[in-house]
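Shown below, as structure tokens, is a lone chain in the form predicted on its own; questions about how it binds or moves come after it.
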Amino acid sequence: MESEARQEKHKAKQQRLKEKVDAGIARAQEDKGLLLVVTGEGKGKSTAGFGMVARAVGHGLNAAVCQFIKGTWECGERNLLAGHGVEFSVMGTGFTWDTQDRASDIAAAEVVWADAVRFLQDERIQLVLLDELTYMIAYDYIALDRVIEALNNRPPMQHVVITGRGCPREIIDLADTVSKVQSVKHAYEAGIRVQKGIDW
């Protein structure tokens, strides 16, 4: 059994922590549509983005998803969320190293980007996931200034999640919340195949 002095010390520490948390909550009074970025070299960026979509849908919000890059794979998230009213726009060409056709990749990206702009103009859609968008910018498939313009002109209460490696500094500066996923180790590097329901 812990001593009374240790209990009191713990209680005082937790009280200070509570006061700090309560003060932070009291300061956070603004409501607005958030721009969230999940970037970095590690696994789990799209997973985090889809987790936010699932959470939003679970609370009755309307969501839409644009998927760049991974379009040829079956998508477990799409299998689930499309049945709950989430509209998807999918590039459908797969990885750029598979197609090796820049012109067709740009054309496919433009089709999905047109849907993204439509989603970003629709105040009925409360959350938009732009999955792997950063690659489209890095490859010069979609101009950064067009992305910034669409983000700046979206409905004021609309939330947007952008995923992908190497997010441009301009979008990071614009974002409200930025998370960087760090890779420590990955099963693929040990020769383990990607697993259905876990990796895709």
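Numbers follow the displayed sequence, beginning with 1. On a predicted model such as this, the values are computed, not experimentally measured, just so you know.
There is another form of this protein, the form predicted together with a small molecule, and it is not shown here; the text below is about that form.
Novice: Quick one: does S46 come within 4.5 Å of the small molecule in the predicted bound form, counting heavy atoms only?
Specialist: Heavy-atom contact with the small molecule at 4.5 Å: present for S46.
Novice: Though only this chain appears here, would K13 touch the small molecule in the predicted bound form if you measure heavy atom gaps against 4.5 Å?
Specialist: No, K13 stays farther than 4.5 Å from the small molecule in the predicted bound form.
Novice: My question is simply whether E41 lines the interface with the small molecule in the predicted bound form - judged by any non-hydrogen atom within 4.5 Å.
Specialist: The answer is yes: E41 has a heavy atom within 4.5 Å of the small molecule.
Novice: When the contact criterion is heavy atoms within 4.5 Å, does S183 count as touching the small molecule in the predicted bound form?
Specialist: Although the small molecule is absent here, S183 would touch it in the predicted bound form, with heavy atoms inside 4.5 Å.
Novice: Among 60-68, 166-174, 129-137, 147-155, mark the stretch whose residues have heavy atoms within 4.5 Å of the small molecule in the predicted bound form.
Specialist: Result for this chain: 129-137.
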